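Consider the single chain below, provided in structure tokens and representing the form predicted on its own.
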Amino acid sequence: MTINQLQAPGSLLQKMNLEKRETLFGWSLILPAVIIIAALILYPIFYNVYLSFFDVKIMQENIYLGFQNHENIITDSAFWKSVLTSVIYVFFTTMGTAVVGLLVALVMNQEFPLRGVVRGLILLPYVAPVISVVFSWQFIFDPVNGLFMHIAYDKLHLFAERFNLIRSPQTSIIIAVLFGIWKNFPFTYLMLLARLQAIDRGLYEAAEIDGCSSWNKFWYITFPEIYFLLGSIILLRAIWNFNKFEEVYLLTENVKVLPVYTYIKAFTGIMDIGQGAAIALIQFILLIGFILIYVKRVLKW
């Protein structure tokens, strides 16, 4: 028997002990994050699912209802109206932020004087406090003192009378969508601009030598380079817009997207936290379904 054969079992044991210590060390590093995620994300989700099966009483014991809360929500026409409102809001705000963000990123990727200053100013809507910009928009569209009516009614005579676009049921969704695009497009712009700056400039120079037009350079060089990033941004923005509450709720009372409808159902008037939890659960299921379809069909994961 050789010396290496005699030492092999000891070496194997040392290797196993090292791997075990590395595994324990790795778990010790991620355990705090796992605990925080479980406490702040997983527990509220499961507790919300639990509450959706009860008639929740603040000062008394909860009453088990089974699927009655879910049935009441599904048969409520106001719920389906809020679903339609959410779909309209999410689609136009998401696509609007993607298109505007892409166009602005393409422009900001070009050389021109004071480009750095302009790049910084574009981020202001995204970083500004929501409450302050909401009040600014409400003042702009005020029917008496607002800038919009002063120009559209007094100067251009586009309307027969003054009215409030934000509080009008017919136009409030349009204002909410425009506000969502204006407030959130800088995020898309910033992410796309970072990717555009990483594209090899030699590809565009070669395309120019071959006589390619600006559209061909965008379609065959720029778009393939940003496709996955743009698709991921659209997915993130759709998720965020689907759960958007504060911007819509503060801006107008007539755009009852699902988060606003959930708040009204659960915490205003005759509070029904059980039904609010049921709406949140249904909203979560709808969102998960959209994510799975989008990831498979668009991102092709």
Partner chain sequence: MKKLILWLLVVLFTLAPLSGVFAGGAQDEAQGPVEFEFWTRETQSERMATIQVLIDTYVAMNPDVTIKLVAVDENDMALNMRAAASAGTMPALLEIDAEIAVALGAEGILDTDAAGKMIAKVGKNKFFPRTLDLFETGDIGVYYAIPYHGMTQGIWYRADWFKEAGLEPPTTWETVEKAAKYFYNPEENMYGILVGTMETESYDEQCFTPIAMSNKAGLFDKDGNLIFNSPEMKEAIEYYARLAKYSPPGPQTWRARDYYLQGRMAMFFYSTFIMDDLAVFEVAKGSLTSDNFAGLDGAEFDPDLVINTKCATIIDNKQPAGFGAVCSLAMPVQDDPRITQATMDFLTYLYSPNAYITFLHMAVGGMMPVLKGVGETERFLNDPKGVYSRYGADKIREINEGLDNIESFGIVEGVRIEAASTIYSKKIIPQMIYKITQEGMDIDQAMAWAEAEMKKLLK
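Predicted model, so just to flag it, every value in this text is computed and none were measured. Numbering follows the first chain given and starts at 1. For clarity, a rigid core is taken as the largest C-alpha set superposing within 1.5 Å between two forms.
There is another form of the same protein, the form predicted together with the partner chain; it is not shown, and what comes next is about it.
By the 4.5 Å heavy atom rule, the three marked residues 70, 225 and 296 all fail to count as contacting the partner chain in the predicted bound form. The partner chain is not drawn, but in the predicted bound form it has no heavy atom within 4.5 Å of residue 231. Within this chain, residue 215 is remote from the site of the partner chain in the predicted bound form, having no heavy atom within 4.5 Å. Among residues of the shown chain, residue 117 is not one whose heavy atoms approach the partner chain to within 4.5 Å in the predicted bound form. Proximity of residue 264 to the partner chain in the predicted bound form: non-hydrogen atoms within 4.5 Å are present. Of the stretches 100 to 108, 158 to 166, 194 to 202, 120 to 128, only 158 to 166 has residues with a heavy atom within 4.5 Å of the partner chain in the predicted bound form.
Counting a residue when any of its non-hydrogen atoms is within 4.5 Å of the partner chain in the predicted bound form, the hits in 238 to 257 run 249, 253, 254, 256.
Positional change of residue 24 between the shown form and the other one reaches 2 Å or more at the C-alpha, relative to the superposed core.
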